[in-house]
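We begin with a single chain expressed as structure tokens, specifically the form predicted alone.
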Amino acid sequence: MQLLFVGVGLLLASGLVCLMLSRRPRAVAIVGPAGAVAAALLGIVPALRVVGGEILPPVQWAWSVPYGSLTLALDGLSAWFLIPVLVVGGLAAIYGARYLGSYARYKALGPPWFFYNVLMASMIVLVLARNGMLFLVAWELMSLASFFLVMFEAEQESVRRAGWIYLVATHLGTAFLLALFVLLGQQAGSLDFALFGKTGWVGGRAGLLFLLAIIGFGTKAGFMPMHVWLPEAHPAAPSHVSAVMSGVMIKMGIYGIVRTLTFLGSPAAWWGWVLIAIGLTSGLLGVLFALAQHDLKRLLAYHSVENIGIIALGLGVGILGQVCGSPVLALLGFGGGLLHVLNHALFKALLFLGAGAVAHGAGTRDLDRLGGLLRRMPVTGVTFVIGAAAICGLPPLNGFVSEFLVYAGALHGIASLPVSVMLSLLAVVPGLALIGGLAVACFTKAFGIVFLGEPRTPEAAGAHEVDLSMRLPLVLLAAGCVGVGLLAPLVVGMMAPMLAAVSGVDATATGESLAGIRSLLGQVAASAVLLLAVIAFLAACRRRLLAGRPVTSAPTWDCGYAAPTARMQYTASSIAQPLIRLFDVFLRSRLDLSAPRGYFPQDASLHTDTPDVFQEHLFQPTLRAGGRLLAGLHWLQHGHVQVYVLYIALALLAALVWKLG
């Protein structure tokens, strides 16, 4: 624990130093990232030890804040969420040092590094907190630090809009969390987490607390329809910040839900049904909206909604396992959901950093202005395709492992549980399969349009590979995606103590229940290693056979047409149009089509625009109606200070009468 405290201290100290050296970009580019990397290296040691089964004593201090003490602890669940915070936070800081350097000529870089380090420190404290007040303070620090990072380029109107949407959404979620902790503390007589778990929550009260947690934490996680801030804020933030927000910060919402479940005792079956419904809705609509996007970072942001849906599916399956007394179902569900927390952190951080490299090297994120970048940015292209394959759940990469656990759990439940539970699990298998298939279609579009074919613009033709400091995090994260996939039996075995605590399954039964799935994953990993060895052997043979012989390249067959242009390639709109049309009842896309006319058409174009239906048809009308309602109270704001004082006095008098009554 001491190493974590030192790490938090380094983060805050280096952030403050960056503020003081704000006008010295070279010094800031060293101090800020160095503090983040040092904190990550220090903190990863106790986190891995605790995940491995070691028990560390909590740290507790008395403080003057009512309802409990300042308590910090690192258990298996906290350590599991701490690992992606440290890994992604440290690697994104290395990437950000060079990425933000291009802004040094006209922006002070001290504030963004200060807020970046505060964001990391607040997330560390958040997962360690064992008191409701401390938890909410860390939550608010995390929200405000990320807001200021989103507003880095606040001179742009779109960035200001994204920042304010995020700020409003996060504080609406916090309002539900305040209600959650007030009710928890009222019943327990304290805000200490240790007492929350000893309170016997039953019936409707437990269900109310569960719903408050789903809304409050789900807003941060990005559950639909509370996701509307996410596709706005993630593209607006600098790419290394997007990687941290999408890969790590939204998982704090998942952490909050799982931690709350440990307070509430035995769950009800409808809790699992709610999470499965949320998972299917977020997963399917998230990937569909991603498929319709033209901005690379916005596309990735919607995929965060999709993957949060997959995590919710896993948690829902795990809860149904608890309800039915099936340890295998509970362990596979929670195991798949919580392993996907780590996996999504790795491949989504990789993809966002790859998108930042594309924007840095080609000057744009617009898919229809890119193309042919694989030859110009080979490291970025290869690592991006690894991340794309991982997020699609393809073996032997890490995304496959966590989704496979959810599949296995659902299939086990279908085969062994009552019809009432089986029906909900029947929806999980085809739903997860459809999510995966649509994800493959979406990343075929993204990778093909960006990296294959010919450059569509001069900017893409002049693209260049990014510096070593930006390539290194890409390579390490790609290696993590491969490593977790190939070492899946080891990783699942490491999760056993944490899964036993979360699911309530006995430790011995946990090991026995996971033995079969670990063996199966070992066979998949061994097959993958053998396949990679065969590919390497064939590549070596090809290289040897071609040694000393001339190797030339020529254009592909083009139907006899001698003068092809880049405009003859698929666009982001045209490649996705068949699927968008198929699901238009959900997407409500707007089509701008100029069809070819005559035997020798001069031009033709196709463009689709897919605004978020929840924002356009739910939140914007609601907020406009609220604005009109509040405008009717504008007469209260007249500028007379003495009347404002009277308002305060009347409010205090009313509170006193209510209290005495």
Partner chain sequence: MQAVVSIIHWLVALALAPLLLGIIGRTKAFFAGRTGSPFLQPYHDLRKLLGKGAVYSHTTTWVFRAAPMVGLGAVFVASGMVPFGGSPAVIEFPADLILVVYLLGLLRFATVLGALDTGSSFEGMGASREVQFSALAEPVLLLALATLGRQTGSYSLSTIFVDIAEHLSIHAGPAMLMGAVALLVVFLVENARIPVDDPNTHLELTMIHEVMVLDYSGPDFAFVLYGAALKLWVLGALLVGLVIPVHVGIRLIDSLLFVLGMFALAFLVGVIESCMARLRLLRVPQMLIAAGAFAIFALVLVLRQT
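Throughout, rigid core stands for the largest set of C-alpha atoms superposing within 1.5 Å between the two forms. Numbering follows the first chain given and starts at 1. Everything numeric in this text was worked out from a predicted model, so none of it was measured.
Separately, the form predicted in complex with the partner chain exists; it is not shown, and the next lines address it.
When the partner chain is considered in the predicted complex, Arg542 lines it closely, a heavy atom lying within 4.5 Å.
With a 4.5 Å cutoff on heavy atoms, Phe447 counts as touching the partner chain in the predicted complex. Gly493 falls outside the set of residues with a heavy atom inside 4.5 Å of the partner chain in the predicted complex.
The closest heavy atom approach of Pro578 to the partner chain in the predicted complex falls within 4.5 Å. The stretch from 74 to 82, 410 to 418, 134 to 142, 106 to 114 that comes within 4.5 Å of the partner chain in the predicted complex, counting heavy atoms only, is 410 to 418. No member of the trio Ala154, Gln186 and Asp192 reaches the partner chain in the predicted complex with any non-hydrogen atom inside 4.5 Å. Checking Tyr166, Tyr255, Phe400, Phe263 for any heavy atom within 4.5 Å of the partner chain in the predicted complex turns up a single hit: Phe400. Comment: the partner chain is not present in this chain, but in the predicted complex one of Leu172, Leu374, Leu487, Ile215 has a heavy atom within 4.5 Å of it, namely Leu374.
The partner is not shown here, but in the predicted complex the stretch 497 to 528 reaches within 4.5 angstroms of the partner chain through a heavy atom at Leu520, Gln523, Val524, Ser527. Once both forms are fitted on their core, the CA shift for Arg581 between the shown form and the other one remains under 2 Å. Superposed on the core, the two forms barely differ at Arg375: its CA moves less than 2 Å between the shown form and the other one. Superposed on the core, the two forms differ at Cys541: its CA moves 2 Å or more between the shown form and the other one.
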